[in-house]
Structure formats: C-alpha cells, structure tokens
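Given next are two forms of a protein chain, the same chain in both, each as structure tokens and marked structure 1 or structure 2.
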Structure 1
C-alpha cells in the first residue's frame, strides 16, 4: 500500500520538527529553560489569534509571524519581570507569563469562534496540533525556519556551548553572553512556532525537552547529545505519525509525544552509564565485591592471630566477626573458591596463596589509611577503624602507592600491627 500525499506531508513535517526540536531542546535542557520553552509555546497562541483578527486570513506565514511576535514578547516580559523585581524569581515570572498569555489566547479564540467565519478559522487546532492539515506551503515555511535555526546553531556552536556550561568564563573571553542568550531565546521561539501546527501549544514543550532528556542519558558530550537528540526526535515523530495513520483513534500530536516519552523511559532505565537498571547492577556488584574483600580480610586477620593461613576456619567463626548470615558467607566463599582465592571444605574455608596476596592488598590499604588519619588529620587511634573500613574498598593501587610515599613507607599501623609490604608484579 502506497503512502498518500497527505501522509508524506505529515511525515516530513513531523520529521523536521523532531530534528530541530531535539537539536535546540538540548540547549534548553542544559540551561534549565524547559519551563521557558513551555511559556513561549503558550505565549505564541494569542499571536496566532491576533494575526487572524488583523488580516482575516489563515496564511501559515502570517499566523506563524504573529506567533513569533507574541512569543518574543513573552520572553521579554519574563526578562523584565525578573530584572524589575527582586522578589519574583525566574520560575515565578515564567509561570505568570505562561498563564496570562495563554488565558489571553483562549479569550481570543472564543471571540473568533463567535464570529460569522469563526467556526471555519480552525485556530483551535493550535491548542493540540493538527498535523494532518499540513500542506506544501506550510512545509516550505517550516523548512525555511529550520534552516535558519540549524545554521545558526552550527555557526555559534562554540559560543552556545560556553553559554550552557560556563557563562562567566565566556564573558571573561569577551563573548557577548547576554546577546547569545537572546539569540538562543529567539531560536526557541522559532522552533515553538514551527511546532504549533503539529503538536500544539500544550504539548510543544515535550517535543523540545523529551528527546534531549533521553539523549542526555546516553552521552556526556554536547555534540553527541545534539546528534542523538535529533535522531530520537525524528524517530519519535515518524513512529508517532505512522502509529496514528494506522489507527483512526490516535491523534498524531499526542502519539508523537507518547512515543518520545516511551523512548525517554527506556533511556532512563537502560542507558549504560546513567540507566537505573545498570546503576542497580553496578551497586550490587560493588556490594558483592566489598563483602568478598571483607571475607578475605577477615580470613587474613584470623590467620595473623594464629600465625598460620593454612588452617581451615569454620564459617560460624566468620559469622561471629561481622554478624553475616552463614548462607551469605558460604556463597561468598564459593565465589572466592571459584576464583582460586580460597579453598572450601564443607563448612570450613581458608586462603590460597593467591587469596593471601589479595587479602594483603586489602589489609594494606586499610592500615595505611589508618596511619594517614592519625598522622595527617591527628585523629585518635580508636576513631579511625570505621573510616578505613570504607576507604579500603575505594583506594586504587596508584593512590595507595602515593599514600605510602607521603607517609614515608610505614611498617606498622597505629595499633602496632604490621602493614603488609607492597606486592611486586
């Protein structure tokens, strides 16, 4: 089955919006201007209505010009309110502008609908979007606006990056940071204007923020984030339109937002570095590593007391040292045995030669840190054990070597126990 002319227009328009929304939404997200984007979208509504009232025409160019004018006016109102009052913060100013402009837009739409030609105006579609009404003229206007936005971002990428991450440093280099902020706001207005007919005033902020928020889960680099955000924006737009076209009961704008939100949820859950699932797995791996290192250290401590690390130690003895369940100790002992660090015989365990060396590394970190706390921070010897219990699992081998050099290679910890020597490779 072929794709109709209308569906081609819808797909192209939604794809363009997804691309530019993802690109510029990255800057809005990093500068914490998501709410400002929402205010601009709501501020654009009265501009659409005023353009129709003044001209009596539904020309896309005129309506979008009116939306851009009131969008910029809304941004200026936010700036004036924040600078003119010491008590009203930016979030409050944005909320005021959003509600006032949106209410004014609803009043104007109501007035237009009561006019003889009001029912045919179709301006109410700008509330929730009506992507199916896109025609070739609309697409040409969108292409022009998007070309301006993408070109501007490419030309001023370095300056906009400074604006997002270190405005003060950019100002010290002589860049007009206030002018760049105005430029970015104007670009946001242009993107909002492009998206009104597709997703509408109410859902426009999601088109900007959702792909960028999803992309942020996958990368730490601005360039990569912009690229991923644009791709995710286009994916959400195309998928939403196709799902909507396959079912008469699914409106395109909200479907696009729902698809993008689903991608965001997947990113939050499964992104390798920031995903909740991977974070839980990393936390679990760290907890298991700490428990096994503690078991190695406990076996070393018992062997140190008896001056022999070849004697098997009953698990109930280890249970009494930390109050851990016998089942957990048996599981950790099996893991150490599988790694060749321990030998398990029934309910008794001992260190192997490799296990003894691994245990010495843990004990060495613990006792060197106790020396550091007592010498450099002058803490009493009975207050350093708990802190060393935590640090012994976090210190890297390089950090331990530097610590030993600064302390002058001590051989005894504050309690008079020998510090195991460095194991040479």
Structure 2
C-alpha cells in the first residue's frame, strides 16, 4: 500500500539528484575538481551531527544547513592548506580535509549513538544514504535547489564556460572570476548536501563525476555535455532505484553508482569517435594498409631490377627484404589479390596491372619525399630513407602533386632511382 508512495518519492528524489549532479558534475570535472567534490561531501558529515547535537532536532532543513556549513569550511580548508603552507600539494590537502573532517563526523555520530536520548538513530543514513526515508518535504527542498542550479547555469552559461576554459582571459575581460568560482562552489555544496540523504557521503562524488565523465565521451560541446550528463545521471538514478527496489539485497546508493559506472564503461569503449574500440579499429586499419602498401612497394622494387613487374616472385624473397614472416606476407597478398592488385599462386605472388599502378603511387611518394628532404632540408642522402618510409603512407595525393610541383618534377631520387611519373587518369 505505502510501497508506491515510497517508491515514487525515491524515484523522484534520485532522478532529481541525478539531473543536478550530472549538470554540476560537468563543471567539477572540467575544472579538475572531481576530488574536491569528494572532500566536500566528506566534510559535510560533521555538520549534520553538529547541527543535531546543538539543537537536538532532526529537521532536515537544519541538518542540511549544518552540512552546508562544514562542507564550505572543508573546501576553504583545502585552499588554506595549499596556499598557507606552500608545501602541501592539493592532493594531500584534499586527503587531509576528507579524512579528518570525516573522522570528526564519525566521532560525533558514534557519540550521538551512545547518548542516552532515544532519538539518536537516523544520522548514520548520511554515510551510505537511505532513500527510503525521503519525505515529500525533502523533495520540495530538492526541487528548489534544482531550480536554483538550473537557472544559474543557464543564466551564467557563457561566463561559466569562460571560467572553466580560460580563467585569465576571462579576468582580463573584466568578469569577476573569483565571484563565479564562489558561485559554482556554492551550487556544488547545495547539490552535495541534498545528495547525502540519497547516496551518502562516501559515494557522492560518483553522482557528480561519473555521469559527466561518460557524457564527455559522447560530445565535444560544453552545452551538450551538460545536457547529456544530466540525462545520464537521471538514467543511472532511475535504473538503480528500480533495480534495488526489485531486489532485497541491493542498496539503492551503490546500485545507482554501479549503473552509472557501467554506462561510463560503455561510453569509453563505444562512444562514436572517442570510443576506444573505434580508435583501435582505426589504428588496425591503418596498420594493415601500411603493410599492404609496403608489400606493393617491395614487389615494385624487386621488379625494377629486371624492368618486369608482373613476373611471379617467391614469398621467401620478400621475407628477406623486410624480415616479415611468410605467413604474414601470404595474408597480405591474399588481401591484395582480393582487391585485384596482385595474383597469388602457391608460394609465389605477382602484381597485376592495377597493382602496378598502385605500387608506383607509393614509390612515387617515397622517392619524392626523399628528394624533398635532401634538397630543401639539406639532409644527407643516407638519412632520408626512414623518414620517407613513414611519409609514403601519410602523404595525400594532393600533397604529392604540390610537392612535385615545388620540387620542379624531378626524375630521379637522391639514390639515383627513377621516380615513377604521375598516372594520368
């Protein structure tokens, strides 16, 4: 009976948090403040306890105000430690604030738990979060915070972009960069504080950073990154909450984090363009092309001696040229044969007519580049071959023609070998 009400609250709360977490996380990520956000979340814990100890009340507004106060104090301490000591680096400062504030929070929590007053429990939900305790009042607070965050980001989008990308330039334009930093940090504190109830202190950083990190893989624009990050944050929250409500043993906070992390892994592997998988495939394609072009070129050079390029060459002769295993060569020859550039019969291979043209193209690039290096850069002739080995695969057809023109259409390469002429279509 109460299930649907609680679940609705949980879903709503987690979704709203996912949205703002994702939005602000993008800024935290780009400003390299992922771990400052972590410190901030940990530093909020003693605030919750202090608010309770001082007032003896458990009203959410009060506890959150306490959390915000020590959260801000923690962030200030990081800055103070780095600037004041000039020796302790930011990572250590974050580690110090994170662990000491958190330890203080634990001291207070355990103290409160052992106090005789009955209403102690409930504070430890801030450690790992406890969505089930969300009430409508909390949701209203969250809605308010989201409205503030979204409005601020929309209104100051241009200035915030400037802050994240080029602070000095922004300052030279006269925008108050320090003020914007403070603004952004305040928003971050607000989000962290509402997040404490849902995912808890320890996992808060993930709510901010993981969706943003995933979003970064999908887009190259700040605006869309923020949107995608918000959407992914919501997706992780909804999926996590639903999974955890369907099972008895999946706590919602960690489940949300795991769903988001899974989305991140997928994004890093499969996002278009930036995905590691596509990058690997592109690299592989280039490597294979280079091998095939090398084979073409080797066949051409061998044929040059007898001035006949279409006789069969045994694979072991080719092995001797580049030290490639015969198996590898056979595979490449088969690919060339499939493209109609070569013919493979048994252990022997030869260029076809179109294969010869393709080979000439590669050799042309190689030799023209050698000429360029020796003539224009005055490199000795015995230094240019290796460089040309790389350039023959990289030069575009246009670039080669320009190169030839600039060099005055040379006929021989620096070693005295003829440069194949351009093939007229």
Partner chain sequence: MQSTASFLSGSKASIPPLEVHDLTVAYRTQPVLWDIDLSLPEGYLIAIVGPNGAGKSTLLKAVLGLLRPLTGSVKIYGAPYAQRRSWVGYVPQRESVDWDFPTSALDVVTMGLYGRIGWFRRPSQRHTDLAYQCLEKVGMHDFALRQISQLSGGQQQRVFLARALAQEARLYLMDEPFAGIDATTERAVLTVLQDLRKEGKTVVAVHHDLQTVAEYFDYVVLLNMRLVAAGPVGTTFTQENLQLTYGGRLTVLSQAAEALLAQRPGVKEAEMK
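Numbering follows the first chain given and starts at 1. We call the rigid core the largest set of C-alpha positions that still match within 1.5 Å between the two forms. Since the model is a prediction, treat every value here as computed from it, not as a measurement.
Could you let me know which number goes with the form predicted together with its partner chain?
The form predicted together with its partner chain is shown as structure 2.
How much does the lesser of the two rigid parts rotate between structure 1 and structure 2, stated in °?
Comparing the two forms, the smaller part rotates by 12 degrees relative to the larger.
Having superposed the rigid core, state how many Å the Cα of residue 359 shifts between structure 1 and structure 2.
Superposing on the rigid core gives a C-alpha shift of 4.9 Å for residue 359.
After superposing on the rigid core, how many Å does the CA of residue 378 move between structure 1 and structure 2?
C-alpha displacement of residue 378 between structure 1 and structure 2: 3.0 Å.
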